[in-house]
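Presented below, as structure tokens, is a lone chain in the form predicted alone.
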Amino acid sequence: MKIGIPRSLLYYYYYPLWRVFFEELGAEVVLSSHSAKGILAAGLKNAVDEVCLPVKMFYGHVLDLVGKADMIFLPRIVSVEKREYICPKFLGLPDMIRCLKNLPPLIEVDINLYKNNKDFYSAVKNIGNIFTKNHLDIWGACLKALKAQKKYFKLMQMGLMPSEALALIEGRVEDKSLPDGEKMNIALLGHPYNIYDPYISMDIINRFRAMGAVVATAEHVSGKIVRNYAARLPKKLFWSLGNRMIGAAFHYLEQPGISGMVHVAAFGCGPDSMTGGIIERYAHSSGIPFLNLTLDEHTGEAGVMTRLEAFLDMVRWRKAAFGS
């Protein structure tokens, strides 16, 4: 059986977990194509108007799997941390996608860890039952998947980007040397599906690298450090991804090697409007160069490049003037 996984949204966080679990149960995992103009066009044609750019792109990735997969994995992700929630649009994804025509069957399960892990184990059992009734095989596949996910997070905390960590896990490349930090160090903050999707982000990571910057993201910081720094807010945010960005931002603002900070947001994202504003205020009070970059389907490449170049010029001027 071929299980399709859209190369979008939380794919950038949990793909190793999903891939290993399905493969251990005997399925073949099929990914949608890389984000491109055609995939976005299909998403724009079929998505509701009110959703943000990443969700519109997700529509396109789902449609790209039609004819390639026997089933499409589409969990309803409510919460992945205790007493925190994921963006509301993730809750409604299965309902929105189900309205598309000619789709293969969807694997829909609820993932809600707001109170405890009970729903996670229930979801594992429900998915596993599609492939086998042997509970030992299901839990064995789950344990191997969790191990692969832990390794993936560890590689990113060492400084690798998701594509680099996946290539290393899958044996497609040899281990590479990590950034040495001798050049400008830029903290790049944003939801993983905004900054790691080269099409949505205009390939911002490689553009920064080509201009002489070493890029650090929230995924390079351990969960424990992120939570400790995020706890400095007077009131805890109840969005998991927003908490991760704020915790990482506070951490990087105290690192003397960070030369500048960039926040990438999707136009129309309510949580980003709040978390981005908080990060911007703290960055300005710290005296660190800051750029807020808002993207949608109309964003032009030339405009983004101009802003990135101007931002790095400001960082270089500050380093020359103040030596930091």
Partner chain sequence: MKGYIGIDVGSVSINIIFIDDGGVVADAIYLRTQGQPIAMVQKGLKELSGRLPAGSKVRGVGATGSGRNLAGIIVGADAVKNEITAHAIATSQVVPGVQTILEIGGQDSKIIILRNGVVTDFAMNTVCAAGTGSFLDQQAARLNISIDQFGEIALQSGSSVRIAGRCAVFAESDMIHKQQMGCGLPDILAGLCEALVRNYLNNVGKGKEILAPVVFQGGVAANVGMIRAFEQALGLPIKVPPYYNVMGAVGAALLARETAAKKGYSLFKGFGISDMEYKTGSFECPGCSNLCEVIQVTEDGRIIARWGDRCGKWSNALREEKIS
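Residue numbers count along the first chain shown, from 1. In this text, all values refer to a predicted model and were calculated from it rather than measured experimentally.
Missing here is the form predicted together with its partner chain; even so, the following discussion is about that form.
Chemist: Has each of Ala310, Met314 and Ala321 got a heavy atom lying within 4.5 angstroms of its partner chain in the model of the complex?
Modeler: Yes, each of Ala310, Met314 and Ala321 comes within 4.5 Å of its partner chain in the model of the complex.
Chemist: Using 4.5 Å between non-hydrogen atoms, is Asp70 touching its partner chain in the model of the complex?
Modeler: No, Asp70 stays farther than 4.5 Å from its partner chain in the model of the complex.
Chemist: Might Tyr199 be said to contact its partner chain in the model of the complex, defining contact as any heavy atom within 4.5 Å?
Modeler: Residue-level check for Tyr199: yes, a contact with its partner chain.
Chemist: Answer for Leu291 alone: is it within 4.5 Å of its partner chain in the model of the complex, judged on heavy atom distances?
Modeler: Yes, contact at 4.5 Å.
Chemist: I'd like to check something about Ser35: if you look in the model of the complex, is any of its heavy atoms closer than or equal to 4.5 Å to a heavy atom of its partner chain?
Modeler: Looking in the model of the complex, residue contacts with its partner chain include Ser35, since a heavy atom lies within 4.5 Å.
Chemist: Among 22-30, 47-55, 253-261, 291-299, mark the stretch whose residues have heavy atoms within 4.5 Å of its partner chain in the model of the complex.
Modeler: Result for this chain: 291-299.
Chemist: Going by heavy atoms, what in 91-119 lies within 4.5 angstroms of its partner chain in the model of the complex?
Modeler: Contacting residues: none.
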